[in-house]
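Quick setup: one chain, the form predicted alone, written in structure tokens, and binding and motion questions come after.
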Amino acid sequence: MTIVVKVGGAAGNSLEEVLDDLAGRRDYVLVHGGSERVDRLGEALGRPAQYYTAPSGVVSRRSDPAHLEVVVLALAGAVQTEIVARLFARGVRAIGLSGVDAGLLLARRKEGAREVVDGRVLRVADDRSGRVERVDAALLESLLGLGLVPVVGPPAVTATGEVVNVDADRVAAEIAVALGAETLLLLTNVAGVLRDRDDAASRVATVGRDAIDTVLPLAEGRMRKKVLAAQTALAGGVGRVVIASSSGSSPVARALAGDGTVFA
């Protein structure tokens, strides 16, 4: 049974440990983020990242046309190429795909995105972000059948050929649903959903699929997107979702063993 592993790209993630742990497996699709790399490149190019908070509390990257170029350069270029190269060094034949390649991730551009500014709800101007509506599962299954590991990341493409930024956690959830994955791992820079963000021991161990709304108040910032991605995956038939740390030895094996916040 295929699993989907998403490794975050924010500071504090441990990509090398994740790749070490995956090196002996061939039953997975790897989805990557790269927010820190995008931010660094944006600063270097004079296009610093900007974020906004939606009325729902979800924090999102502002994706105007100038910054979308930075996202494409960093994710579909540098980050993805480096991951494929690092897997190759571990004896893994991997192939990097953005959501645009062969229309792997077909998305709909978001209309009417809103942000909260000084207590007021305003429209986000010139937003080029989207939501994945279809995954070409047959393409991923064909690659897996050839013994190739798909390494997938944003952006995605609309039916009219427009490139849009999409959230990598949501991408991982939609891929897991499309493949009928047994497990989705969302590996990040914290131990899971925490009751106290400064105390790893306050981790929520398990969340029932019908109780996800009860932990949303604990999910601040980007963690909220991970919890919502878990909800999407479970609603689509994925057996379980684990939000866990990417750090330390054998992070994939530990997450599969339930060392994280398990949604099931």
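Only a predicted model underlies this, so the values are computations on that prediction, with no experimental measurement involved. For every residue, the number given is its place in the sequence shown, counted from 1.
Omitted from view is the form predicted in complex with a small molecule, to which the following refers.
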Given that the small molecule is not shown alongside this chain, does residue 148 nevertheless sit within 4.5 Å of it in the predicted bound form, heavy atom to heavy atom? no
Given that the small molecule is not shown alongside this chain, does residue 169 nevertheless sit within 4.5 Å of it in the predicted bound form, heavy atom to heavy atom? yes
Using a 4.5 angstroms cut-off on non-hydrogen atoms, would residue 220 count as touching the small molecule in the predicted bound form? yes
Quick one: does residue 35 come within 4.5 Å of the small molecule in the predicted bound form, counting heavy atoms only? yes
The small molecule isn't shown here, but in the predicted bound form, which of 37-45, 221-229, 63-71, 23-31 has heavy atoms within 4.5 Å of it? 221-229
Can you pick the one in 129, 188, 80, 183 that has a heavy atom within 4.5 Å of the small molecule in the predicted bound form? 188
Name the residue from 194, 137, 106, 144 that puts a heavy atom within 4.5 Å of the small molecule in the predicted bound form. 194
